[in-house]
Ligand SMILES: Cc1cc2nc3c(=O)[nH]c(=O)nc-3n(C[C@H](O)[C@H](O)[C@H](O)COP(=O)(O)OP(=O)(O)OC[C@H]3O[C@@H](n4cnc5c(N)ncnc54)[C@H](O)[C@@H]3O)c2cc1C
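Let's start with one chain on its own, the form predicted on its own, as structure tokens.
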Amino acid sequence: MAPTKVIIAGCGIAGPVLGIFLRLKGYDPVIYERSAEPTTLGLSLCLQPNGLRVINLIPGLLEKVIGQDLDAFAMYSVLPGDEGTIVWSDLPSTLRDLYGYSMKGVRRPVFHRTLVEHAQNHGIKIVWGHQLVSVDQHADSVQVGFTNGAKDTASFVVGCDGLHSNTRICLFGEENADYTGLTQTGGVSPKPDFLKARHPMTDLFGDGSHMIYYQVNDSQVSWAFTRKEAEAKETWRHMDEHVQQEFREHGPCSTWGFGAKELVETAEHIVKYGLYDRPELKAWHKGRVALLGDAAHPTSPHLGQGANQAFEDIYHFIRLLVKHNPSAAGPSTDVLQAVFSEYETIRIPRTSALVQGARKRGDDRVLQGAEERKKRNELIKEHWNDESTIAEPYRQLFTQPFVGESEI
């Protein structure tokens, strides 16, 4: 009997990983992607222990991931007259002993290409240039339609098509993405002399502005500068050359220390984009169609958990699919209802809390006013000086979501 066909909408970060797991469990996944080819857009991701734990369940994948393990957290004030260290912590260097994995900075386009190639090596069909626009559900199948007029049918469909998910629109209607009020300007630059032999994730706090940077390989650093300003669309395109040069020479962080000035000056290209999330959904599925990753719970990047939460989604989605449909035969709608409902019960509360937490951290990073900034910096110091306040949140973030690899 032919394996059960599954359509995955979206070949970003989540789609290929989900496809590989489905193939390993006996399904026949087909991935449809709106872009004509693998994207070169985007800057970087920080893969954290919870996400790396899921990736490592795919044989041979983790060793192919190109990146840089991070070994410290560094936080500095760049305010004139108050420049200096807020926190230096070696916690990331201990994460492998505590949770099995460290933190790894990766360039997004390079990581994406690795995932796509690994999926293709597993024999997964990826169809480029096909944007899903319709979903027609039947008793035991789903037919999807694309902007080019093509159609395909599968047992069930998983929408992994990101912030601008058409699968989500097909299920729940049009809605506006929520602009968080913050933009980021960022780039990838040669490693500055300031870093020397260490590999910290570094936060710089200014007046109403913030920069984060970390290495993504042996020689390059990805950075992003955040501030409150008028809405900018999430295009991920390069800024105009004149605007880029103006930002390098006269931008808000062009005079900052701790490596910031050098990073901005040496970036090959600089991009600017708005930060968005979406209203919380009470359900992530209808019938035989479910959402996963940013299609279900897009988040601003201030906790660094976007991709990592998509991987957690995949872990539980596959675990529950194996639990309720161990034969990998074409599941009934009742079986899918059991899978999707349990998946939502586990994942919606956790991802909703993290989306809200990312919003709050973003706002905290761009505080204005001397008293507000001073209070924030003191709270950061207190937090990092008290080991009891550090251990439990990281345990919950990195280990609590998992039931046991044997179940997947």
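Throughout, we count residues from 1 along the sequence that is shown. Note that this is a predicted model, so its numbers are computed, not measured.
Although it is not shown, the form predicted together with the ligand is what the next lines describe.
The single contact residue among L70, L367, L45, L52, judged by any heavy atom lying within 4.5 Å of the ligand in the predicted bound form, is L45. Just one of H285, R108, H118, K272 comes within 4.5 Å of the ligand in the predicted bound form, counting any heavy atom, and that one is R108. Among residues of the shown chain, A310 is one whose heavy atoms approach the ligand to within 4.5 Å in the predicted bound form. Heavy atoms of A353 never reach within 4.5 Å of the ligand in the predicted bound form, leaving it off the interface.
When contacts are judged by a 4.5 Å heavy atom cut-off, T226 does not count as touching the ligand in the predicted bound form.
Remark: C160 counts among the residues lining the ligand in the predicted bound form, judged by a heavy atom distance of 4.5 Å or less.
Considering the ligand in the predicted bound form, the lone stretch of 354-362, 37-45, 377-385, 22-30 in range is 37-45 [heavy atom distance within 4.5 Å]. Residues of 118-144 that come within 4.5 Å of the ligand in the predicted bound form, judged by any heavy atom, are H130, Q131, L132 in sequence order.
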